[in-house]
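Given next are two forms of a protein chain, the same chain in both, each as structure tokens and marked structure 1 or structure 2.
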Structure 1
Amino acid sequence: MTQTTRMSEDLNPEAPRALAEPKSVTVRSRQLKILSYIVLSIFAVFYIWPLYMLINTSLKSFTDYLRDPAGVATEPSLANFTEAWELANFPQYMTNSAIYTASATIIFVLTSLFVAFPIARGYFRGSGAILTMYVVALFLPPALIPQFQLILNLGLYNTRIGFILLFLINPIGMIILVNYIKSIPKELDESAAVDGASYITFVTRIIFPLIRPAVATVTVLHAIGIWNELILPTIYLTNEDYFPITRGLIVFEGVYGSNWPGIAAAVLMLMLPILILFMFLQRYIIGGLTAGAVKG
């Protein structure tokens, strides 16, 4: 041990312990990392297992399913997908679902964008109260009876337009847009006003590109909600020509039981369009989450 080291130890007796601390911190961080991987693996099993059972069931025949519902498909077959495509009238019902989902999502996102901006900026009296109402609406049950009476009195029962109108309000989507717009500097509003930009021009050309990740998140959440909806089409649609694809899955239910392999195949085909939409927008969604984490 050199003289310099001895002098440093005499001046600071805690120096050897301080040098040993980084190693213990590294060991502790590794233990926490391993523990986090174990917890994530457990959650992954809970999420992946139902998907595995769905795929496995869709590859079984109805006889094999009755023989061993939880067993592995010994003779996998794609016959259930063909049968589901024909019985559930997939071409027509999926077209209806695409029309409802696309039109309602586009209208909701556009209108919410123009409404969320003044609420976020507080440009009119009562904007805070309106945002509070949206938050309260998250915890309230759906008002099915007043909603049904409204659609019925407007003469829109059992119509495409009436069904689309049911999805033009989404509190969580509005809250996401408002909170994201609040993170944008207010000086941009003043600069746009000095340049003479109109309200529509400012929102579409300046605000929209800046909140694109939030718009992508709201779009996916809203589209998933419409695409997977089953209760509302059962209540508001009686004409089979207007049924969405979720309503078409009822054909697999029988008097004494359900065709679960056919339902599993239909559900897999049902989730494919939304999965494709998420794959196209995941870059913006992940970017929005990352930006939110940095700003936080």
Structure 2
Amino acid sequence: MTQTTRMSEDLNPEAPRALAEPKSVTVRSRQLKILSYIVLSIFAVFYIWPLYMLINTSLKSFTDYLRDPAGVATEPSLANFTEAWELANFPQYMTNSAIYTASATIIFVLTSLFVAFPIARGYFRGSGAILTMYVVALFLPPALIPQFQLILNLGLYNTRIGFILLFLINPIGMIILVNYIKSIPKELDESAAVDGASYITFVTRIIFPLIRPAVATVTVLHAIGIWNELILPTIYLTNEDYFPITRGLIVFEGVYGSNWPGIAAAVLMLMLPILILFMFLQRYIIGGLTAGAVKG
């Protein structure tokens, strides 16, 4: 039991309480725990195995791979990594993805904050209508085709700005923000107004800190969406220097399509920085994803 209580868990406010439980419960809970571990491990296998498979494949030569795709690499070599590194401009792709994700997310969050707040409060005539408009947007048809014509006519085809423009909205994000703001007591507005606070000061200084969990959730959801987008870069970006990772990788796969060891090496090289970044930021990412999503 002492081991359990020493868990360095961030999401575990009730840990010490376990000590106070009666013995029969403890025995049962131990059985339950073993069962839990079994189930979790079965799941884990399907998350670890593909990773192992990727590493193993990346260490093989193409001929070895063709002879025995799944066998353990007998003469592991890093040749695939150097080759893949030379063939594709992965650092550029990573930089592009980071730029798109960061700038589109920042702009989206800033602009939607000032839409969400007055709508949630009903400060406008037709606030309800605007909110409905966003709810409808959840279900709107994928507007690939007119969007393409729009970007083309704005002269923003195959430009970074044009590409980012496509990611400046997110109806789900807006709805999460509105719902969260609704849970903040309106008396706050009244007292602030009485104190003579201006609208902007109030929204940025008081509301923003209060709805930070929701903002975090929306930020993460939105950023993941951009980071993973595959189709829009296919349509809008033709210059390789603008490719995000997703597009760069699928082009790499198309061009070196048969060479699985090379592709595996490329995938691993792209994964590594993402994973390291994720390890550092995971408290914020996972925390952010959840904090705002469960309230309201």
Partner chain sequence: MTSKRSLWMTLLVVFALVVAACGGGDDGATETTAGGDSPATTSGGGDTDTGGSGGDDVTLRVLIHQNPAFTEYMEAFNADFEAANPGVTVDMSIVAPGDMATSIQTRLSANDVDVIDYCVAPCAGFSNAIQPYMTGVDKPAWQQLIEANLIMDLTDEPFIQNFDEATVRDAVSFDGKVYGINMGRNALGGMFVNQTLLADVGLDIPATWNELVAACETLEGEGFACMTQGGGDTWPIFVGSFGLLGAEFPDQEALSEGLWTGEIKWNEGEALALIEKFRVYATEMLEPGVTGLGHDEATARYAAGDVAFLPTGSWQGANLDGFEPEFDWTYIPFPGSDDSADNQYLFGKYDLSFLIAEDTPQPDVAKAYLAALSDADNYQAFVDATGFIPTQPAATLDSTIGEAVSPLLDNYRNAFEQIWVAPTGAGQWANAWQGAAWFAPFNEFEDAQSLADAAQADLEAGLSG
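All residue numbers here refer to structure 1's sequence, counted from 1. None of these values were measured; they are calculated from a predicted model. Between two forms, the rigid core is the largest collection of C-alphas that superpose within 1.5 Å.
The form predicted alone appears here as structure 1; structure 2 is the other form of the chain. With the core held fixed, L40 shows a CA shift of 2 Å or greater between structure 1 and structure 2. When two forms of a protein are overlaid on their rigid core, residues whose CA moves 2 Å or more are considered shifted, and T238 is not one of them between structure 1 and structure 2. Core-aligned CA deviation for T159 between structure 1 and structure 2: less than 2 Å.
Aligning the rigid core leaves the CA of A88 displaced by 4.2 Å between structure 1 and structure 2.
Relative to the superposed rigid core, T74 shifts its CA by 8.2 Å between structure 1 and structure 2.
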